[in-house]
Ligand code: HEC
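Single chain ahead, by itself, as structure tokens, in the form predicted on its own.
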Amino acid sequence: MSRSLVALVLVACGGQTVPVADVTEHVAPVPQASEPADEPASANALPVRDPADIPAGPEGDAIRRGREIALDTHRLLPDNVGNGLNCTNCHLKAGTVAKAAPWAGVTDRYPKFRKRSGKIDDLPDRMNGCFERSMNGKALEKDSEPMQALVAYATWLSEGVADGKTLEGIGMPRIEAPAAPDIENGRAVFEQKCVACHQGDGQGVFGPDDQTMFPPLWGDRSFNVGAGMARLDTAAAFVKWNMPLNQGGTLTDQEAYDVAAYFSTRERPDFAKKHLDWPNGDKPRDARY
């Protein structure tokens, strides 16, 4: 890791050293404890799984491969990722962080009907939505090795989660802005809180081997207009609970909405199939199209 990248990590974390492994495994917040240390964890707390516990043999190989893909998607699957993003840029720490769309229990939540597609989507359908939108790329074949590996990893993270159980921190809990989002204030918040990682031009930071250190928030290497993160409510919730790096929850709801309005509305790739979304006419108010 270059000295400049180390400096960025130190700045972003308020001078606290973050291990390089934490940076490369998303450059995202270290998971925050959901309960104080002296109190018992909730029975509905997000389960914590140690990668060291992945079993040996072919099953474990598939799980490890899925985790590797989640952490380094755009380099491992260049034919399917059209930008500089990885799964872990939204599903923090390879899908293990509460309030950052964690994958634990996801195998119980799919298949399900989704308004955006207007049909029942299974888990590969949902993941392919990310490839086409968040990754601005191409869908994987459902029976392909990478897709099966991702499903195997999500299944492993979901082991022990009872059917129908509601876990704390699933998805990105929504917030509401006290007032209409102020893009100019969002610019100010971005310049104060976000540029150390995402840079003033919003293009993030990449290592010399093109490894994503800090993801781009707009431009050709970012998510397209069809991505969930291009929607204001989703982006604001993600920012509120997870940003700045290692300081999730420190912005006010208004600040989270303002900065989300600033970056989510910036120029980014179009989505060719956007006309197929919400076929029943129930498009949400914060959709970009």
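Residue positions are given as counts along the sequence shown, with the first one as 1. Note that the coordinates shown come from a computational prediction; the quantities given were computed from them, not determined experimentally.
Another form, the form predicted in complex with heme C (HEC), is not on view; read the next lines as being about it.
Using a 4.5 angstroms limit between non-hydrogen atoms, Lys165 is distant from heme C (HEC) in the model of the complex. With a 4.5 Å cutoff on heavy atoms, Pro244 counts as touching heme C (HEC) in the model of the complex.
Contact between Cys197 and heme C (HEC) in the model of the complex is found at the 4.5 Å heavy atom cutoff.
In the model of the complex, heme C (HEC) sits within 4.5 Å of a heavy atom belonging to Arg126. Comment: heme C (HEC) is not present in this chain, but in the model of the complex one of Cys130, Ala177, Ala152, Val205 has a heavy atom within 4.5 Å of it, namely Cys130. Contact annotation for 223-241: residues with any non-hydrogen atom within 4.5 angstroms of heme C (HEC) in the model of the complex are Phe223, Gly228, Met229, Thr234, Phe238, Val239, listed in sequence order.
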